[in-house]
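A lone chain, given as structure tokens: the form predicted on its own.
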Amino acid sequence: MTQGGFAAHCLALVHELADASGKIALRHFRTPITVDEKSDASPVTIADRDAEAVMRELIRRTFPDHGIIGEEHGNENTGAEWVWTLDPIDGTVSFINGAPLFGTLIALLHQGKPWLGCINHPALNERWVGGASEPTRRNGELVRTRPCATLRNATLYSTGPEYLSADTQAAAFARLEKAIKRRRFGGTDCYHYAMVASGWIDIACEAGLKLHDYAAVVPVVEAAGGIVTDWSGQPLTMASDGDVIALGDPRLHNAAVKLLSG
């Protein structure tokens, strides 16, 4: 298979994964559903488990030599050249409360680096896909990040201050917060990264994410013209610590990272 053919095959599978997982999520959305608690006290439902299970089966069937890292069903073949990461419902709290901003995050990593990503919001019927040498599209239409040359004009979204687990993280975030025009803690889950990619906001910043939380957003934002790194300015990989900043205008990057790194 040629490189172009492989990329097209991967893009087609991403859409298939998003379609299949989205149908399962919507089947359970805003219905009476049992909520279990995982070992880290985070909630999980049958929708999370079943959506990931169907995606894993589709990946195995299409690319049996690829690895898979999923939030609900563990890891397999993680040393493979190509590894998929799956977060079937990013924002389970939103999901069980009937809020439509939960999403599904799907990524394909090549040698540990995010290569293709999808942010799918089935309740909103919105899907962003980018990477694999393809520009980012929302529901098939090209999107671009917006220009914002200085932090003082920037709008930043983040899930909430409770995820800044250490005093050093809170202090770093406060420095960035003071330098920007406006900040919103919106409970937007992964939607704020899609907002950066579409040029609706300028910055998304969070701490303590796991690989399945951030791998998909890297290609989506960067293939739309932005940049995504950790708080020290390093590219995100399988080994990153999960402190993430996504900026629509790369000109903001040096100043933002300087504030976050102290």
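Quick caveat: nothing in here was measured; it's all calculated off a predicted structure. The first residue of the shown sequence is 1; numbering continues from there.
We do not show the form predicted in complex with another copy of the chain, though everything after this point is about it.
| Exercise: residue 94 in contact with another copy of the chain in the model of the complex, heavy atom 4.5 Å | Looking in the model of the complex, residue contacts with another copy of the chain include residue 94, since a heavy atom lies within 4.5 Å.
| field | 4.5 Å heavy atom contact, residue 76 to another copy of the chain in the model of the complex | value | Output for residue 76 is no: heavy atoms all beyond 4.5 Å of another copy of the chain.
| message | Against another copy of the chain in the model of the complex, would residue 137 count as a contact residue? Criterion: heavy atoms within 4.5 Å. | response | No.
| Can residue 195 be called a contact residue for another copy of the chain in the model of the complex at 4.5 Å between heavy atoms? | Taking the distances in the model of the complex, the answer for residue 195 is yes, it comes within 4.5 Å of another copy of the chain.
| For the chain shown here without its partner, which stretch in 225 to 233, 200 to 208, 50 to 58, 66 to 74 has non-hydrogen atoms within 4.5 angstroms of another copy of the chain in the model of the complex? | Stretch 200 to 208 is the one.
| request: Heavy atom within 4.5 Å of another copy of the chain in the model of the complex: which of 179, 170, 124, 80 fits that? Just give me the one. | output: By the 4.5 Å heavy-atom cutoff, the listed residue in contact is 124.
| query | Of the options 175, 113, 184, 144, which one has a non-hydrogen atom that comes within 4.5 Å of another copy of the chain in the model of the complex? | reply | Exactly one listed residue reaches within 4.5 Å, namely 184.
| message | For a quick check, can you give me the residues of 22 to 43 that have a heavy atom within 4.5 Å of another copy of the chain in the model of the complex? | response | 30, 43 sit within 4.5 Å of the partner.
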